[in-house]
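Alright, here's a single protein chain in two forms, structure 1 and structure 2, each given by itself as structure tokens.
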Structure 1
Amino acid sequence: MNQATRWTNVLQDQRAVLLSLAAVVGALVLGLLLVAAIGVPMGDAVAAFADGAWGSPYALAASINRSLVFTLVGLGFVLANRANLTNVGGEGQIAIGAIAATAVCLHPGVAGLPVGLGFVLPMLAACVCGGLWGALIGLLKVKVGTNEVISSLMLSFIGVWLLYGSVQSEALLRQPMTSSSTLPESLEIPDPTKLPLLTGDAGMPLHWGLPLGIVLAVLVAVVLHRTVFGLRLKAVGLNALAARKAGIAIAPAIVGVFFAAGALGGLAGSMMLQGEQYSLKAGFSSGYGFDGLVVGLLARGSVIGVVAGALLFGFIRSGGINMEMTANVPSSLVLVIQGVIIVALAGSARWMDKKGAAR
């Protein structure tokens, strides 16, 4: 690659970043106009959004913790996408991971384990169970030819309903009923099974999932671009038939990549439980998996894109929750704003692709 080509690529990258930023700003402005249209003072809405997204150490930490969940699900999507496969099962993988983590956290004796095993063991269980749940998608594809989009979506719904059922029955994870008003949720997990805080201050609940998430993002980038497994995934994605003739074992690659994607989703579920919510309840994941899917779609195979998109969605979700609570902006309108941002980003990416193809 000569110097002129390098500069051309750099300029194109910068143009793509600026266009994406312009798309996000434009979508936010449109969202504010919609907020004003329903009679909410724009200043109040902006102030509520800022307070909820980054207005205090607690809000900032909550936004980053949410971004971490989106990052893990988005990384799983990018891994599968490398092999031209689509994993839309993040929501169910989060649910399965959360169920497994809750069961291990509440198991007698786990909280008393030494050297941090009390919180590490539930995370490992969540990874394994989420991975096995994800591997089912791959097995269905290689054994009976099921479309992975349909199977991952169906497994996602099953996972969410399994979570719902597990907190409805005392024989499973529901807390003991002491009165008719006892909520259908699990007991709070013991303190030793909770993720330690980076700051040690509950006023800024940034937990140790953050450095783990950074390490995993780097690891996924290395796997995709610097390992034989990443090369095999790319070969499968480009032409599965040619890859098979070249001696690449297609079935293990497909099952393996879905296992990895599911493990990342399961880990996201354990981090939500052990780092934020501390008990399992119906509506536990509340669309985090589907938001993570959108992050993965917008990233277009880029790990850096996953991290950037996850941060954007994490702050938008935190700000949107506070807008609903303090400025009386309907949650449905927050979802509309989020959708407008997605459409704007997708449109800008499509436009850049057309410009690139025209050259």
Structure 2
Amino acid sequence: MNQATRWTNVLQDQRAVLLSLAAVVGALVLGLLLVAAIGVPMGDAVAAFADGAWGSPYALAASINRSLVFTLVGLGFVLANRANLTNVGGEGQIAIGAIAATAVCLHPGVAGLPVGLGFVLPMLAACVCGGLWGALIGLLKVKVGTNEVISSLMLSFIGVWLLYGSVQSEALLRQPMTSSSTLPESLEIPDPTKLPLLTGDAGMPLHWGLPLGIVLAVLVAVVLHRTVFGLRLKAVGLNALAARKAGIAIAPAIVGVFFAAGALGGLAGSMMLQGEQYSLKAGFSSGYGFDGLVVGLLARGSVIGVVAGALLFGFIRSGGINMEMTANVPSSLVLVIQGVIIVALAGSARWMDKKGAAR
């Protein structure tokens, strides 16, 4: 790469960052205008938003935990996207991971395991099950040529309803019925299976998922940019036919990358269970998988982009929830803001990708 192209690249990257910022700021301004249109004093809404997003140690930790989930799903999206594949299955992978983690956490004996195996084992189970669920997308793609967008979407719906079903039936994960008011949800998982808190203080529930998430983000960046597997994925994505001619086994790469994406989604599900909610219930995820997908979409292949987007969305979501609770602003406002960001970035992709087109 000569000096001139390197400079063009830097300029292009800056343009992409500026465009993304403009889209986010524009969407937030639109959100404020909508708040005004609803008739809520803007100051109240902004204060409620800030309060819910970072106003207390608890709020801050909750936002970061949320961002962590989006990061994991977004990383899975970016991995698959390197091979030009679109994984829309995060929501289902979260559900499957959470089901697996709950089953293992509640299994007698697991809580008594030594050296932290009590919380590690459920996470591993979530990774494997989420991974297999994800690998299904890849298998369908390479065996029958099913479009991965449709299959991963359908698997998302199926996973979400599997979770719903598993907490409805006592034969599965529903807590034993003790009275008519027993809710259709699982028992709370035993303490040793919960993720240990970093601060040791329930007032700021940052858990061990955070360092793990950082390690995984670095790992994914290394895999993408510094390993043969990453190069293979790129080759498959750029030109599958040429990659095959060059001797790259395309099918295992596709199934493998979907396994990895599914494992990350499954892990996200186990973190939501073991780090935050502690019991499985209907509506467990409330669209986190789709938020993570959007984060992946916005990141344009960059791991740093995933982390930045996940933080943005984690804080926006937390703030949005609090706006609904204390300032009477429907949290669907957050969906409008997200939708505008996605549409704006998708529409401006051509100007960000001039670099790719010229190459």
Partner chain sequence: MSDPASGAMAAVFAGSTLRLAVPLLLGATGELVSERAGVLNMSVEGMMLTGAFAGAVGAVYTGSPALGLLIGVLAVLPVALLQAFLSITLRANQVVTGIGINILVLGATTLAYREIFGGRSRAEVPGFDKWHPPLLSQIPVFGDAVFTQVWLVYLALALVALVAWTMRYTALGLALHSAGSEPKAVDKSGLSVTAVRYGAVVFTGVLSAIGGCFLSIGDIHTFTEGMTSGAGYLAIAAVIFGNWKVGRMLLACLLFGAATALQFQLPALGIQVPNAILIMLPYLLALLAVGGWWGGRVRRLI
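Under this definition, the rigid core comprises the largest set of C-alpha atoms superposing within 1.5 Å between the forms. For residue numbers, the reference is structure 1: its sequence is counted from 1. Since the model is a prediction, treat every value here as computed from it, not as a measurement.
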(request) Of these two copies of the chain, point out the form predicted on its own. (result) 1
(request) Mind pulling the C-alpha shift for A346 between structures 1 and 2, with the rigid core superposed, in Å? (result) 4.2
(request) Would you look up how far the C-alpha of I337 moves between structures 1 and 2 when the rigid core is overlaid, in angstrom? (result) 2.7
